[in-house]
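Next up: just one chain, as C-alpha coordinates, the form predicted on its own.
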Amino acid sequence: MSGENLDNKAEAAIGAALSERFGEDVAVDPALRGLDELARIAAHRSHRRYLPRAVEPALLRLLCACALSAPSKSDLQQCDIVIVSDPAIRGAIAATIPDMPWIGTAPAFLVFVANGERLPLLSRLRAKPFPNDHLDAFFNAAVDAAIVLQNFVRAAEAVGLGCCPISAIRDHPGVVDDVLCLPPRAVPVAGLCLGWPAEAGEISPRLSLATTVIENAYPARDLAAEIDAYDRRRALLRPYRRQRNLARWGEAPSYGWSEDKARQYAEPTRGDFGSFVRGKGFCLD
(Lines give C-alpha, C1' and ligand atoms only; values in the text may rest on other atoms or scores of the structure.)
Protein backbone atom coordinates (compact mmCIF):
# COMPACT_ATOMS: atom_id res chain seq x y z
CA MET A 1 0.00 0.00 0.00
CA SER A 2 1.38 3.43 -0.94
CA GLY A 3 2.28 6.07 1.63
CA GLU A 4 -0.62 8.23 0.47
CA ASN A 5 -3.10 5.40 0.94
CA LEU A 6 -1.71 4.68 4.40
CA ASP A 7 -2.10 8.35 5.34
CA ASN A 8 -5.67 8.35 4.05
CA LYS A 9 -6.43 5.24 6.06
CA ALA A 10 -4.95 6.78 9.22
CA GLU A 11 -6.83 10.03 8.63
CA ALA A 12 -10.11 8.13 8.36
CA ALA A 13 -9.32 6.06 11.47
CA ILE A 14 -8.58 9.18 13.52
CA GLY A 15 -11.78 10.86 12.39
CA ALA A 16 -13.90 7.79 13.12
CA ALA A 17 -12.40 7.20 16.58
CA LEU A 18 -12.74 10.83 17.69
CA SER A 19 -16.25 11.08 16.34
CA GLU A 20 -17.24 8.03 18.37
CA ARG A 21 -15.43 9.29 21.48
CA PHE A 22 -16.57 12.93 21.49
CA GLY A 23 -19.70 12.90 19.37
CA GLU A 24 -18.40 15.47 16.90
CA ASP A 25 -16.19 15.72 13.87
CA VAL A 26 -12.59 16.77 14.49
CA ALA A 27 -10.64 18.11 11.52
CA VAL A 28 -7.58 16.07 10.51
CA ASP A 29 -5.03 17.60 8.14
CA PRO A 30 -3.95 14.73 5.84
CA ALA A 31 -0.56 16.43 5.37
CA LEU A 32 0.36 16.06 9.05
CA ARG A 33 3.26 13.82 9.98
CA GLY A 34 2.66 11.00 12.43
CA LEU A 35 -0.93 10.20 11.52
CA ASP A 36 -0.38 6.53 12.40
CA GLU A 37 0.62 7.52 15.92
CA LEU A 38 -2.35 9.88 16.24
CA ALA A 39 -4.62 7.06 15.07
CA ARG A 40 -3.33 4.80 17.87
CA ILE A 41 -3.81 7.53 20.47
CA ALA A 42 -7.30 8.44 19.23
CA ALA A 43 -8.41 4.81 19.25
CA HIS A 44 -7.09 4.01 22.73
CA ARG A 45 -9.03 1.37 24.67
CA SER A 46 -8.37 -0.37 27.97
CA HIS A 47 -7.86 -4.15 27.81
CA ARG A 48 -8.66 -6.57 30.62
CA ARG A 49 -8.54 -9.89 28.75
CA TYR A 50 -5.27 -11.15 27.31
CA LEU A 51 -3.91 -13.97 25.22
CA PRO A 52 -1.87 -16.65 27.05
CA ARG A 53 1.34 -15.19 25.65
CA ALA A 54 4.17 -13.80 27.76
CA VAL A 55 5.51 -10.28 27.53
CA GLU A 56 9.22 -10.94 27.24
CA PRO A 57 11.53 -9.30 29.81
CA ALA A 58 13.57 -7.58 27.09
CA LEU A 59 10.40 -5.98 25.71
CA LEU A 60 9.33 -4.88 29.18
CA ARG A 61 12.72 -3.26 29.72
CA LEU A 62 12.48 -1.49 26.36
CA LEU A 63 9.02 -0.16 27.18
CA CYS A 64 10.21 1.03 30.59
CA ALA A 65 13.11 2.87 28.96
CA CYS A 66 10.73 4.51 26.49
CA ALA A 67 8.30 5.42 29.28
CA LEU A 68 11.04 6.99 31.39
CA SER A 69 12.04 9.12 28.40
CA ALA A 70 8.95 11.25 29.22
CA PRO A 71 9.22 14.87 30.37
CA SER A 72 10.16 15.24 34.03
CA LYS A 73 9.55 18.30 36.18
CA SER A 74 12.86 20.21 36.41
CA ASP A 75 14.66 17.00 35.40
CA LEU A 76 14.01 15.66 38.92
CA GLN A 77 13.19 12.14 37.61
CA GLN A 78 10.86 11.15 40.44
CA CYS A 79 9.18 8.09 38.95
CA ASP A 80 10.16 4.46 39.39
CA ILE A 81 8.56 1.46 37.67
CA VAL A 82 8.29 -1.81 39.60
CA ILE A 83 7.92 -4.92 37.41
CA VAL A 84 6.02 -7.35 39.64
CA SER A 85 7.26 -10.75 38.44
CA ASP A 86 6.95 -12.60 41.78
CA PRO A 87 3.56 -14.41 41.83
CA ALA A 88 3.33 -14.10 45.61
CA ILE A 89 3.81 -10.34 45.54
CA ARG A 90 1.34 -9.92 42.72
CA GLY A 91 -1.12 -12.19 44.50
CA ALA A 92 -0.91 -10.10 47.67
CA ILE A 93 -1.76 -6.95 45.68
CA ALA A 94 -4.52 -8.67 43.70
CA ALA A 95 -6.10 -9.99 46.90
CA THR A 96 -6.85 -6.41 48.00
CA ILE A 97 -8.85 -5.79 44.78
CA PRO A 98 -10.98 -8.92 44.31
CA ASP A 99 -13.33 -7.29 41.79
CA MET A 100 -10.47 -6.87 39.30
CA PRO A 101 -9.30 -10.45 38.58
CA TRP A 102 -7.29 -9.30 35.56
CA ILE A 103 -4.64 -8.05 38.00
CA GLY A 104 -3.79 -11.67 38.69
CA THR A 105 -4.30 -13.01 35.18
CA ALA A 106 -2.55 -10.40 33.00
CA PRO A 107 0.75 -11.63 31.52
CA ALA A 108 2.55 -8.72 33.19
CA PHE A 109 1.81 -6.32 36.04
CA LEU A 110 3.70 -3.15 36.92
CA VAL A 111 3.44 -0.49 39.60
CA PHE A 112 4.30 3.14 38.94
CA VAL A 113 5.79 4.82 41.99
CA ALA A 114 6.15 8.50 42.86
CA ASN A 115 9.61 8.49 44.42
CA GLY A 116 10.62 11.63 46.29
CA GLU A 117 13.44 9.92 48.20
CA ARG A 118 16.27 11.06 45.95
CA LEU A 119 15.72 14.83 46.07
CA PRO A 120 16.32 15.41 49.82
CA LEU A 121 19.21 12.93 49.58
CA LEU A 122 20.82 15.20 46.97
CA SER A 123 20.47 18.11 49.39
CA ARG A 124 22.20 16.15 52.14
CA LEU A 125 24.94 14.85 49.84
CA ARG A 126 25.69 18.36 48.59
CA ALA A 127 25.23 20.04 51.99
CA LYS A 128 22.35 22.22 50.84
CA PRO A 129 19.15 23.21 52.66
CA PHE A 130 15.84 21.64 51.65
CA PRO A 131 13.21 24.33 52.33
CA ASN A 132 10.67 23.06 49.79
CA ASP A 133 9.33 20.13 51.79
CA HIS A 134 5.62 20.85 51.27
CA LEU A 135 2.69 19.70 49.16
CA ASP A 136 4.34 20.64 45.87
CA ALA A 137 7.10 18.07 46.45
CA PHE A 138 4.56 15.24 46.56
CA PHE A 139 2.57 16.74 43.70
CA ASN A 140 5.66 16.92 41.47
CA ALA A 141 6.54 13.27 42.11
CA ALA A 142 2.96 12.09 41.55
CA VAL A 143 2.66 14.03 38.29
CA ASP A 144 5.99 12.64 37.08
CA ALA A 145 4.68 9.12 37.76
CA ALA A 146 1.43 9.84 35.90
CA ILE A 147 3.30 11.16 32.86
CA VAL A 148 5.57 8.11 32.79
CA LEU A 149 2.54 5.82 33.09
CA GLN A 150 0.91 7.45 30.08
CA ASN A 151 4.16 7.27 28.12
CA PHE A 152 4.36 3.55 28.92
CA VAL A 153 0.80 3.01 27.65
CA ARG A 154 1.66 4.87 24.47
CA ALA A 155 4.78 2.75 23.92
CA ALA A 156 2.98 -0.50 24.72
CA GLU A 157 0.13 0.19 22.33
CA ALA A 158 2.62 1.08 19.59
CA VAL A 159 3.87 -2.53 19.62
CA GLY A 160 0.37 -4.03 19.84
CA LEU A 161 0.06 -4.60 23.58
CA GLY A 162 -3.04 -3.76 25.59
CA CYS A 163 -3.08 -2.03 28.99
CA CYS A 164 -5.38 -1.38 31.91
CA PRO A 165 -4.26 1.15 34.56
CA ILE A 166 -5.21 0.24 38.14
CA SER A 167 -5.68 3.20 40.49
CA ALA A 168 -7.28 0.84 43.03
CA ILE A 169 -3.85 -0.10 44.37
CA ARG A 170 -4.27 3.10 46.40
CA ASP A 171 -7.22 1.52 48.22
CA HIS A 172 -4.74 -0.43 50.38
CA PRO A 173 -1.45 1.40 49.88
CA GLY A 174 0.08 -0.08 53.02
CA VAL A 175 -0.09 -3.58 51.52
CA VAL A 176 1.59 -2.41 48.31
CA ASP A 177 4.16 -0.51 50.35
CA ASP A 178 4.99 -3.60 52.41
CA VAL A 179 5.21 -6.19 49.63
CA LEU A 180 7.24 -3.92 47.32
CA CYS A 181 9.50 -2.73 50.19
CA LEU A 182 9.07 0.86 49.03
CA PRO A 183 11.65 3.30 50.44
CA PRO A 184 10.75 6.43 52.40
CA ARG A 185 8.99 9.15 50.39
CA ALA A 186 7.92 6.60 47.76
CA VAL A 187 4.19 6.17 47.11
CA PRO A 188 2.38 3.82 44.69
CA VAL A 189 0.43 5.89 42.16
CA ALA A 190 -1.08 3.22 39.91
CA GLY A 191 -0.68 -0.34 38.75
CA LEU A 192 -0.79 -1.43 35.12
CA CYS A 193 -1.98 -4.72 33.65
CA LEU A 194 -0.25 -5.53 30.38
CA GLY A 195 -0.59 -8.20 27.72
CA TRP A 196 -1.46 -9.10 24.16
CA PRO A 197 -5.20 -8.33 23.81
CA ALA A 198 -7.63 -11.22 23.48
CA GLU A 199 -10.31 -8.91 22.07
CA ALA A 200 -10.50 -5.52 20.38
CA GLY A 201 -11.88 -3.59 23.32
CA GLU A 202 -14.21 -0.60 23.14
CA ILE A 203 -13.74 3.14 22.76
CA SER A 204 -14.96 4.96 25.87
CA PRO A 205 -17.07 8.01 25.01
CA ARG A 206 -15.79 11.18 26.67
CA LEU A 207 -17.34 14.48 27.69
CA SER A 208 -17.65 16.84 24.76
CA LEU A 209 -14.66 18.93 23.74
CA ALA A 210 -16.82 22.01 24.41
CA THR A 211 -16.93 20.91 28.07
CA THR A 212 -13.25 20.11 28.58
CA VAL A 213 -11.28 22.25 26.08
CA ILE A 214 -11.30 25.87 27.22
CA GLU A 215 -9.91 28.83 25.31
CA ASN A 216 -8.39 31.55 27.50
CA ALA A 217 -10.95 31.57 30.34
CA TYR A 218 -13.90 29.50 31.49
CA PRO A 219 -17.14 30.91 30.09
CA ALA A 220 -20.55 31.08 31.72
CA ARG A 221 -22.29 27.84 30.77
CA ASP A 222 -24.94 25.31 31.72
CA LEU A 223 -22.69 22.48 32.89
CA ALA A 224 -25.63 20.36 34.06
CA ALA A 225 -27.09 20.45 30.55
CA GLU A 226 -23.73 19.49 29.03
CA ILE A 227 -23.47 16.52 31.38
CA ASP A 228 -27.03 15.47 30.58
CA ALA A 229 -26.26 15.56 26.86
CA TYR A 230 -23.18 13.41 27.48
CA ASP A 231 -25.21 10.94 29.53
CA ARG A 232 -27.67 10.51 26.68
CA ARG A 233 -24.99 10.17 24.00
CA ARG A 234 -23.02 7.67 26.04
CA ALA A 235 -26.13 5.61 26.80
CA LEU A 236 -26.66 5.11 23.08
CA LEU A 237 -23.07 4.02 22.45
CA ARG A 238 -22.01 2.19 25.60
CA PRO A 239 -24.72 1.77 28.23
CA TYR A 240 -23.72 0.57 31.67
CA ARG A 241 -24.14 -3.16 32.15
CA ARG A 242 -24.98 -2.86 35.83
CA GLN A 243 -25.97 -0.24 38.36
CA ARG A 244 -23.86 0.37 41.45
CA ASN A 245 -25.10 -0.60 44.90
CA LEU A 246 -28.74 -1.41 44.14
CA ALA A 247 -29.29 -2.26 47.80
CA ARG A 248 -28.60 1.34 48.82
CA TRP A 249 -29.76 3.39 45.84
CA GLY A 250 -32.33 1.21 44.09
CA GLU A 251 -32.67 0.84 40.35
CA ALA A 252 -32.59 4.10 38.40
CA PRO A 253 -34.88 4.21 35.35
CA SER A 254 -32.16 6.13 33.50
CA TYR A 255 -28.62 5.19 34.50
CA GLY A 256 -25.84 7.18 32.90
CA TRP A 257 -22.32 8.37 33.60
CA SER A 258 -23.40 11.09 36.04
CA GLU A 259 -25.49 8.67 38.13
CA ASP A 260 -22.71 6.07 38.11
CA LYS A 261 -20.03 8.53 39.24
CA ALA A 262 -22.33 10.10 41.85
CA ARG A 263 -22.96 6.63 43.31
CA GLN A 264 -19.27 5.73 43.15
CA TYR A 265 -18.24 8.81 45.11
CA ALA A 266 -21.12 8.53 47.57
CA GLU A 267 -19.12 5.71 49.17
CA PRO A 268 -16.14 6.72 51.34
CA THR A 269 -12.82 5.51 49.94
CA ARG A 270 -9.13 6.18 50.54
CA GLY A 271 -9.87 8.44 53.46
CA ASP A 272 -6.58 7.37 55.03
CA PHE A 273 -4.45 7.95 51.93
CA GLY A 274 -3.26 11.36 53.17
CA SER A 275 -2.13 9.76 56.43
CA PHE A 276 -0.30 7.07 54.46
CA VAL A 277 1.50 9.68 52.32
CA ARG A 278 2.48 11.66 55.42
CA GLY A 279 3.67 8.45 57.03
CA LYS A 280 5.96 7.91 54.04
CA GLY A 281 7.66 11.21 54.82
CA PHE A 282 5.89 13.71 52.60
CA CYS A 283 4.59 16.99 54.01
CA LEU A 284 1.18 17.84 52.51
CA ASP A 285 0.90 21.42 53.88
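For every residue, the number given is its place in the sequence shown, counted from 1. This is a predicted model, so every value here is computed, not measured.
Same protein, other form: the form predicted together with a further copy of the same chain, not shown, and the subject of what follows.
Residues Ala54, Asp99 and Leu237 are none of them found to lie within 4.5 Å of a further copy of the same chain in the predicted complex, as judged by heavy atom distances. Not displayed here, a further copy of the same chain is approached by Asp136 to within 4.5 Å at the level of heavy atoms in the predicted complex. In the predicted complex, a further copy of the same chain sits within 4.5 Å of a heavy atom of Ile214. In the predicted complex, a further copy of the same chain stays beyond 4.5 Å of every heavy atom belonging to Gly201. Residue contact with a further copy of the same chain in the predicted complex: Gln77 places a heavy atom within 4.5 Å of it. Along 83-115, residues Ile83, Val84, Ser85, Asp86, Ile89, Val113, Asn115 each place a heavy atom within 4.5 Å of a further copy of the same chain in the predicted complex.
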